[in-house]
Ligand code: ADP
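Below, in C-alpha cells: the form predicted on its own, a single chain.
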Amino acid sequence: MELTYVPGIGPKRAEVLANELNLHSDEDLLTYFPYRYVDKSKIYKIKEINGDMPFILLRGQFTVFEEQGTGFKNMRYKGLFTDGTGIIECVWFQGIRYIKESVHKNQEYLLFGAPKYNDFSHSYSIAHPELESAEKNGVDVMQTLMGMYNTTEKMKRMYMNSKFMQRTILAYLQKNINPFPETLPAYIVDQMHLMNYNTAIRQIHFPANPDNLRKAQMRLKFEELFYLELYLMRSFKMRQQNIAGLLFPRIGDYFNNFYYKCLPFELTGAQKRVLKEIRADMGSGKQMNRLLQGDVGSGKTMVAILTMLMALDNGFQACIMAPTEILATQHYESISKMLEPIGVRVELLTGTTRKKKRDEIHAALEDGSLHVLVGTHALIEPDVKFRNLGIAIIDEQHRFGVEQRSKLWMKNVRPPHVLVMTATPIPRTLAMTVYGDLDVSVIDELPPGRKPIQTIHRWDQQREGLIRAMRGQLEQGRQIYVVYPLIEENQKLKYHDVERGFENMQAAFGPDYHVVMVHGKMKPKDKEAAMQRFVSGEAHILVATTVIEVGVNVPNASVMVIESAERFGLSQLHQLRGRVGRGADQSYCVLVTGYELSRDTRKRIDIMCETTDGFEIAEADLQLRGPGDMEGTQQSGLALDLHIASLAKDGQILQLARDCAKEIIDKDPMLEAQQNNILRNRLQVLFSKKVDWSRIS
C-alpha cells in the first residue's frame, strides 16, 4: 500500500516521508525502526529529579501559562507543572498555538521530556515536553518502553516528530490485526529459535518488556543479515557455475625471466601465498574475482606485476586501472622500468594523453603488440579495444563504482580475470558483506628491512619543538609531508588551512629548504609540477591537503605531519601515515591537535599511536564510526540497505546468518526446493530495485 493511503498520512505527508526518509509504502513504514528506547515504566516525582536523568515521566497538572517575548521569532510559551512534590517549568518555542488550544490548566497529564538544570535560577525546566491526557494512558503506551524515531528538521516543522511516527505506526498496527505473513521458512525460525515475524514487527515498535524487545531485535537483525548473505552467496555460486574463465595453464618465459633475473627483492611469505591463490584461480577454468587486501607498502604492486606476467605467458594482454593520474603515472613508471629488460611493452593512457599517442596506443592494443596498459578511467572508454584482455587489475578499488568496473568485463568476448586491490584494510565483518561474492587474499607481512613508523601526538602549543625535530630530519637529507584538512581558512571551524601552513613553513625553513604546496583547487598542470619537484627531491617539504592520500611514493620522505588531526577519520589517518616508511630509514608520523578533544577523537589518536596494523585500525574505525562513514563503503554500497542490523556491533549475528545461508546454498544453489520457495520469492522482492551486478566484481 502506498503511504498516501495509510491513515493519518495523506498526500502531503507522504511526499515529505518519501523525500526525507525514502519511505514510500506501508512496508517501508513498518521497517522504519526506532533508533533507541526510553523506559516509561516508572513515573517519577518532581522532587526526585537530578542531573543524571536523560528523560523522565511525570504525572500532574499545569497551574499557570504565560506568553513571553514579541514577534514570531522571539515568542515563547511557558507553563508551570506540579505533582504536589515540586514545580517544573515547561517551555515551547514552536507550535505555540496548538499548545494553547489543546493543553489546559487543572487537568491531569502524563508529561515526558528531558530535564535541564538552570544554574541561574537553580531549577529544572523541560523544553517541548510530550504530553498525554492521563485518562487516555491505557491506549498510548505512555507507561512502557517507548521507541524514539529519527526525524528531520523539515518533518518537525510539519509536526511530524517522533511522536507522530509512533502514533501513525500504532494506528496502522491496530487496524491491521491479522498476522503479517512470515518472511522466513519455518525450518529456519525453529532452527534459530527466532520470534515469528508478526510478533517481532509489533514488538520492535511497541515492546511489552525488555525481553520481548531483545527477541524482536534478534529476529529482525538475523533476517536482514541472512538475506544479504544469501543474495551474495547465491550470486557467487551462479558466477562460479555459469561463467567460464580464461584458462592460464602455462608459467613461461615472461614470468620466469622476471622472477629469477629481475626481481629486486625476495618475496615475502604472504606475497608467495597470495600468488599461489591467484595461480590456482587462473588455472581452474573458472573466472577469477579476487580482492587483494594489503597495508600500504606491503608489496601489492609486485603481486600485480607477476599476475600480469602469468597472463602474458598465456598469450593474453593485461591492464591496471588506478583512480588518479598521479597514481596511474607512478604505476606506469615503476612497472615499465621493471618489465623493460624482459621485452614487455607498457603504455600509459589517461585523460590528458594526446590524440596522436592515444591513436598509437589504440592500434597497438588491437594488434596485440602492446602487452600491458596502465591508466585511469580512460581505460573503460568504448574506443579502447584490446585484442585479447586476460587480466584486469583495479587499484584502490573503493574509488571505483561497480558499474565502472563492469565495463572492463566488456573488453573481451569472454570476461577477463579480475583482481581488485586496496590498501584500505577492510574489517572481516565488512568484507563478508560488501565483498561477500569475492574471494579474498590478504598480504599481512611487510617486506624485510622496513621499520615500523613511529606515531607521535603533539599539541598545537608544542610547535617549536616540532619545528626543531623537522629541521633535524631535513639536515639528514630527508623530506617531509605536512598535511592540512582545509584549503582556505575557515574562521568558524578554527582549523589551520593549507595556504597559511605553506606560508608558515616557508617562514620557518626558507631559504635553506624548498617548500611546495599541492591542493585540489590547483590547476592539474601546477599540481603535477609541484608534486614532481617533491618526488625528484628538488623540494624538501610538501604542504598538501589529502590529495596525497593515495599514490605518492617517495622513499626519502621520513616525516608525515598531520595538522588538525582531530578532523580526520582513523582510516584516513592510516592512509596518510602510509606515505612515509617506504625506505629503510626510521620514519615518523606526527599528529598535531588542539587541546579540546572529544572522547572518540582522543580514542582515535591513541589507537594511531599504539598500532600500525591496518586491520586493527579498520576494526576500531568500524566500531567508532559505523560502516556508512568508512572510507569507500558508501561508494561500494551494500547489496541491501540495513534498517536495524549494524555491521559494527552485530558481528556474531552476521556470522550466524552467513553460516545458515551457506548451508542452504550448498544444498540448494538455485533455491528450487519447495521449502525454499519463500526464500526465492523474498530475495526477488528485496533486490528487485537493485541493478544486478552480481556477475561483476
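What you see is a predicted model, and the numbers here were worked out from it, not measured in a lab. Don't overthink the numbering: it's just position in the shown sequence, from 1.
One more form of this protein exists, namely the form predicted in complex with the named molecule; it is left out here, but the text below deals with it.
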Only one of Arg219, Arg582, Arg290, Arg202 has a non-hydrogen atom within 4.5 angstroms of the named molecule in the model of the complex; which is it?
-> Arg582
Though the named molecule is not shown, can you say which of Glu223, Asp295, Glu563, Asp281 has a heavy atom within 4.5 Å of it in the model of the complex?
-> Asp295
If you check in the model of the complex, do Thr4, Arg13 and Arg167 all have a non-hydrogen atom within 4.5 Å of the named molecule?
-> no
4.5 Å heavy atom contact, Leu267 and the named molecule in the model of the complex | yes
Close approach of Gly86 to the named molecule in the model of the complex, 4.5 Å, heavy atom | no
Would you please decide whether Pro181 lies within 4.5 angstroms of the named molecule in the model of the complex, comparing each non-hydrogen atom pair?
-> no
Determine whether any heavy atom of Gly299 comes within 4.5 Å of a heavy atom of the named molecule in the model of the complex, and answer yes or no.
-> yes
Of the candidate stretches 299 to 307, 380 to 388, 281 to 289, 350 to 358, the one with residues having heavy atoms within 4.5 Å of the named molecule in the model of the complex is 299 to 307
